[in-house]
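Read on for two forms of one protein chain; each stands alone as structure tokens, with the labels structure 1 and structure 2.
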Structure 1
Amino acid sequence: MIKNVDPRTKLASVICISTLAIIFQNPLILMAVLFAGVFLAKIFGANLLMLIKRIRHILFLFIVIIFIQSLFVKTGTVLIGFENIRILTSEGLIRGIGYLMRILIILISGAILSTCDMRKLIQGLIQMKLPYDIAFMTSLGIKFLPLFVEEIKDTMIAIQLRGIDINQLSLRERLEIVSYLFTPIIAGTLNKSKKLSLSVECRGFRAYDRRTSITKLKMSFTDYLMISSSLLFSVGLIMIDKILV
């Protein structure tokens, strides 16, 4: 694990692997990108076990989407079918696997970014000449995400404490319950945003055009090396893909 990596380095690596995940179709190349993502996550100290734990409940959803996606591809050798009806083809399966790889790469990218200190990440964006207002909004957006999760958890607890066993409800009633989750989230977000905007205005936000910052990021040799490696890896894979095509 490499410590004290500049957030801009992590951002550059994430941009590389997520862009590659979108442009490639070949599952073998996508697998190489996935391995690169896992390697990067490891050296940046991302907790992949935690990621697996978090997504285990929705894994079945990915598998269903992959299966549905593969059903609509009719080219390739028939793997499952009845007489003239093609249910699953080799091409469909390959596309489905490719889709799964892309999802995993995007999730790993998120795990890499989650290792960044958010304040430093925003400072990185500012030093990359991103306007402060937009950088500040990004940081707020990131801070609001765990609040949404908290709000959903609280609402589910409040619903169950009224004696409602969600597992015993019909599908229609469960969907109705889901609709109840939105009110506290929307109301809570609006309320918090309003209070927050008042608070920052009171503290003189945007009072002056120029801002100074106590935090200054500085790239080290390792950072430059990692950014160049990521770029070289990306260019290399693009060339291999072109040769394979």
Structure 2
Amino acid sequence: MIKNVDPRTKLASVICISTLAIIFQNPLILMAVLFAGVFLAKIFGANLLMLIKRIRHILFLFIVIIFIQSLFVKTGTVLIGFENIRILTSEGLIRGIGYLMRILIILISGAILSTCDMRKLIQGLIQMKLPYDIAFMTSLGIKFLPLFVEEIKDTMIAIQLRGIDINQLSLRERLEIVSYLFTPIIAGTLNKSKKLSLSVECRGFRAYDRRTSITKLKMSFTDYLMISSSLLFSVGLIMIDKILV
């Protein structure tokens, strides 16, 4: 694990892997990006085990989404079908797996950014000539993601306290419960966001046009090396993808 990493270095690395996850379709390249994300999370000190524990209750939902997405792809070898009706094909399965890897890459990116100190992250964005309002909203959005995860966790615990064991339910019953979860989760998230906005206003946010900071970030050789490696990795994968196409 590398300590004292500039938050701009983490932000640049996250931008690289998340952008690659969006633009690529090849599952092999997406797997390489996923491994790169895991490697970055490891050296930046992100707790991936905690991330897995937090999302383990909704992993089956990802699998359902992958299967549903696979149903709309009719090209490739038929894996599941009846007579002339294609239900699941090899191409659909590959695209579904690619979708899952994209989700994992985005979650890993969030885990990497969660290791940043919010004050330093805001200062880093300001030193990148980003307006303070946008920098603050960006850091607040990153900080708000764990709160959303906690809201999902609290809702799942409330369901278990009512005597419902999700692991023993059928797929149809699980989907029904997931549909019921959205209302309390969204309501709880909006309630927390309202309290957060009141707290920010009470502290005089945007009371002055300019803000000063005692913190001044400086990038080290390790930071430049990490950013260069991320850019070279991205360019290399783009060139490999063009060659494969």
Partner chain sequence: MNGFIVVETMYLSLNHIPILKNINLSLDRHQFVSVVGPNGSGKTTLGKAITGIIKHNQGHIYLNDKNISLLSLAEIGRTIGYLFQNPEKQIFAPKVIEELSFALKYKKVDQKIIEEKTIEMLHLFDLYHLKDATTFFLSQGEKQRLAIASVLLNEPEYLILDEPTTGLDIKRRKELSQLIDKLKTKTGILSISHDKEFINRHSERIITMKDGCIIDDKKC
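One-based numbering along structure 1's sequence throughout. Remember, it's a predicted structure, so these values are computed and weren't measured experimentally. In this text, rigid core is short for the largest set of C-alphas that superpose within 1.5 Å between two forms.
In this pair, the copy labelled structure 1 belongs to the form predicted in complex with its partner chain. After superposition on the rigid core, the Cα atom of Lys216 is displaced by less than 2 Å between structure 1 and structure 2.
Once you line up the core between structure 1 and structure 2, the Cα of Gly45 stays within less than 2 Å of where it was. When two forms of a protein are overlaid on their rigid core, residues whose CA moves 2 Å or more are considered shifted, and Met31 is not one of them between structure 1 and structure 2. Overlaying the rigid core between structure 1 and structure 2 leaves the Cα of Asn191 displaced by 8.7 angstrom.
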